[in-house]
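Next up is one chain by itself, shown in structure tokens, the form predicted on its own.
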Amino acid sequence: MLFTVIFYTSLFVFLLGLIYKVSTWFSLEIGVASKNFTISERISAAARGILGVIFSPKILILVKVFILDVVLQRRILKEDFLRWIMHMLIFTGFMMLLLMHAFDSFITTPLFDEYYSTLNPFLFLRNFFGIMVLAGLMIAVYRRFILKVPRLRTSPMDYYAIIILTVIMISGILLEGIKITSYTEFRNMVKNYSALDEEEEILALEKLWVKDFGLVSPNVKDPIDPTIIPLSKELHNMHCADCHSSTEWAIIGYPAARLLKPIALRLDRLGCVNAFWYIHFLACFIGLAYLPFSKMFHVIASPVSLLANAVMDKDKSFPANIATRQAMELDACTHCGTCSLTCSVAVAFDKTGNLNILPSEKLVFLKTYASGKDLKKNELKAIQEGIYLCTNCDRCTVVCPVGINLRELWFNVREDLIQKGNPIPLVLSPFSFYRGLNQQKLESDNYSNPISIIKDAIADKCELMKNPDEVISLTPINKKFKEKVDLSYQATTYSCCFSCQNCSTVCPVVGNYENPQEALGLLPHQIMRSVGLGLKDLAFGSKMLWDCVTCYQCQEHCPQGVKVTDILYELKNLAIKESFNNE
């Protein structure tokens, strides 16, 4: 009765947690675009998308991805063979134990008419799958704590996953070993499953089990009289052979029984069979009930991520489904650290110590951010830095073993951050080009507002920027602004500029306006001239400086080799530095 109550309670909590987690995929808002859709619209779009894939040729893509990437885990194999072995051992072993053993009454028993857990091949397979999981766990411990894979961070959830699986497996092995040696279990078996009443016959059977099945009996001592063996085998074949294979087929349980043999009778008297049964049972169902709320939920979310990304296209898929997929991807992350290992700016973590620079750690933090929880100022600053420093190189997306589109995720979260009024100066430089390329995805106000906010913040401290619409002559008359512009050696190439206007001609920002002079103030070639004249504040006041998308077109087309983009980049940093120094 207690078993039934705990089982169904754990199953109910698991299903409740599963429903809750899946529902968050339709409610969490990742980025600005996700705010345009209601929960019902996202659910409806997901249903239409799923049906559209099922009843189209794309279903073949799903089958292919399921076999290669979900079952065979091809993506992990491409990156790290040892990690692939670890995942295959744990994933395959644990799933087979779950289906064949934990849920045997629902799956194995209906499939096999003469199923008994103590018969082969089930006895052997249960032990074999257990060895697979243990081997995988040992590799996991080796990689994290001995090999110490670079940038692989171990979180509390990683410890939980390792510990709960270890407890489940070790308690199961000890339980089987103790049951093999248990005299009490043997007597209960004889009582419940045989027709033996005579003590002499029971003793004869007991001697065979001591000799061949690992039983430890207080009544039987070595050596056993060989003359009784024929009778013992006859009794065994009549009453036990139909549901008991040799315990030696328990290739991990039987060795455990041999190790426990010296203390087997004491363990039996202490009722350790029941004790370890409850430990194993509770560990299994606590793990099941907590699975939707732990890192282990990725065993469900990761396959969904792989399948969804295989058939979705950012340009063709409905935006509501993109928003739902990105919320789901937060749960799909396995925290394996592969993305952090290949990240082009991960070296910045070694300098600053900000974990949010590492892609795998950003994802952990983004779960908190996306849930809408209030963040402390230092926490928000840390995630901003981690998001803004991304160079959009896409290496993380390419290597992600569960197919998360990380570059798109960073872009959407970054936009969400800067639209909330937190466009720290970094927003204007490292990723301006990628943001410019994706301008069509954003409303015009959403694209320009962050730039205006940070520009206004700096304008408060720069004299000419207070009147950005004022047109100022580019002549040496403005000597009051004449002072040295402290740029790097590379950026001093501005002195080679002879105002051919080639940079302004190829600039996509300039080409975006019918009257660029009016909209931008100074054009790229004019900024080069103002720098040459030492009119630093004049250069700072140009809208062009802050609207530059760092596409490097100007620099690539300059016949004089002027590092136009690099100069604009340094001018922005110089303006920011001076504005903060004036605070």
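In this text, residue numbers run from 1 along the sequence as written. Keep in mind it's a predicted model, so treat the numbers as computed, not measured.
What comes next is about the form predicted in complex with a small molecule, which does not appear here.
Every residue of the trio 185, 189 and 205 has some heavy atom no more than 4.5 Å from the small molecule in the predicted complex. This chain appears without its partner; in the predicted complex, the one residue of 194, 294, 127, 419 with a heavy atom within 4.5 Å of the small molecule is 194. With the partner omitted here, the residue from 117, 109, 274, 219 that has a non-hydrogen atom within 4.5 angstroms of the small molecule in the predicted complex is 117.
For the chain shown alone, residue 180 is a contact residue for the small molecule in the predicted complex, at least one non-hydrogen atom being within 4.5 angstroms. Among residues of the shown chain, residue 411 is not one whose heavy atoms approach the small molecule to within 4.5 Å in the predicted complex.
Although the partner is absent here, residue 165 sits far enough away that none of its heavy atoms falls within 4.5 Å of the small molecule in the predicted complex. By the criterion of a heavy atom within 4.5 Å, residue 170 is excluded from the residues contacting the small molecule in the predicted complex. In short, of 172 to 180, 133 to 141, 370 to 378, 316 to 324 it is 172 to 180 that has heavy atoms within 4.5 Å of the small molecule in the predicted complex.
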